[in-house]
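The form predicted alone is given below as one chain in structure tokens.
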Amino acid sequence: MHGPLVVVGSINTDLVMRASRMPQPGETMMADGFAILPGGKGANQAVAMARLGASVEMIGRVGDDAFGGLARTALAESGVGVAGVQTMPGMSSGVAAILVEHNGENRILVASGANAHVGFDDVPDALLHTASMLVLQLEIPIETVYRLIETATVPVLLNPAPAIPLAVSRLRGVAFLVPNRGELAVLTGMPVTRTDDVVAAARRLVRAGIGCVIVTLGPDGAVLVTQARVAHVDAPIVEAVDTTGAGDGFIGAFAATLARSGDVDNALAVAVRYASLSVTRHGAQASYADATCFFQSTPTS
């Protein structure tokens, strides 16, 4: 893989508050802290890739507000190419309100803003045929995602998040589909409680024409399913303080490692370790280690 990794997706600003628990309906609580941080699934994944040394181009849209400028600067400072990030006059940027409990669990509410206007024509045609990989999520219009999948001649990685029903017939040819357990359930309508259930559901998607399904399982690691085999990678035991962006870190690390080595099993193992390290830190992009820090600090079981 010689071209850049190309991420087409959302660029948000995260408004994060932390508390001992989530408030009940009608209840007002005092938060323990507040932070404004760069986020968005697309931007998060791009930053994780760049932190691990990959060449990355981000395609997306921001508004002409202060959040848009902050998001663009954060991407550039992380080493992500931003020539494909458009600013929309008179439009707000994407924003996510995130509540984080002390145990690391989170609740997220997203206002799409400019992300809702990312279109197929935003992606230069050359990148659809020369990128190392095209990486997509579902915080941009679904028709844009479908058309990119159907047009690209390079490997496509789709993170079907946030979970919405999809026309699986329009996902044929996706090289890597990377859902979490809940997203897999929405895609297939099948139970996903046990690992055997996850494998059965993933196999249904493989039979539908998807090359490889990788299901992230949080503290249980990840499982890879293809026509030929099933592989499970356990996660190291860590003390989670914030799970925000862990799945995006996983995808960024997987894509960056695969682009460098071409070894899917190695990429899967690195991605599990990278996501595990990220949950020991606060924030999404703020939790992503660079290559030197990651390989020195990788947690072990």
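Keep in mind that this is a model prediction, so the values were computed, not measured. One-based numbering along the sequence shown.
Below: the form predicted together with alpha-D-ribofuranose (RIB), not depicted.
Interface stretch in the model of the complex with alpha-D-ribofuranose (RIB) - options 63-71, 270-278, 47-55, 241-249, non-hydrogen atom within 4.5 Å: Of the stretches listed, the one contacting the partner is 241-249.
Contact residue in the model of the complex, from 88, 206, 108, 186 (heavy atom within 4.5 Å of alpha-D-ribofuranose (RIB)): Contact residue from the list: 108.
4.5 angstroms heavy atom contact with alpha-D-ribofuranose (RIB) in the model of the complex for residue 98: Looking in the model of the complex, residue contacts with alpha-D-ribofuranose (RIB) include residue 98, since a heavy atom lies within 4.5 Å.
Residues of stretch 28-56 in contact with alpha-D-ribofuranose (RIB) in the model of the complex (4.5 Å, non-hydrogen atom): Going through 28-56 in order - heavy atoms within 4.5 Å of alpha-D-ribofuranose (RIB) in the model of the complex - the hits are 39, 40, 41, 44.
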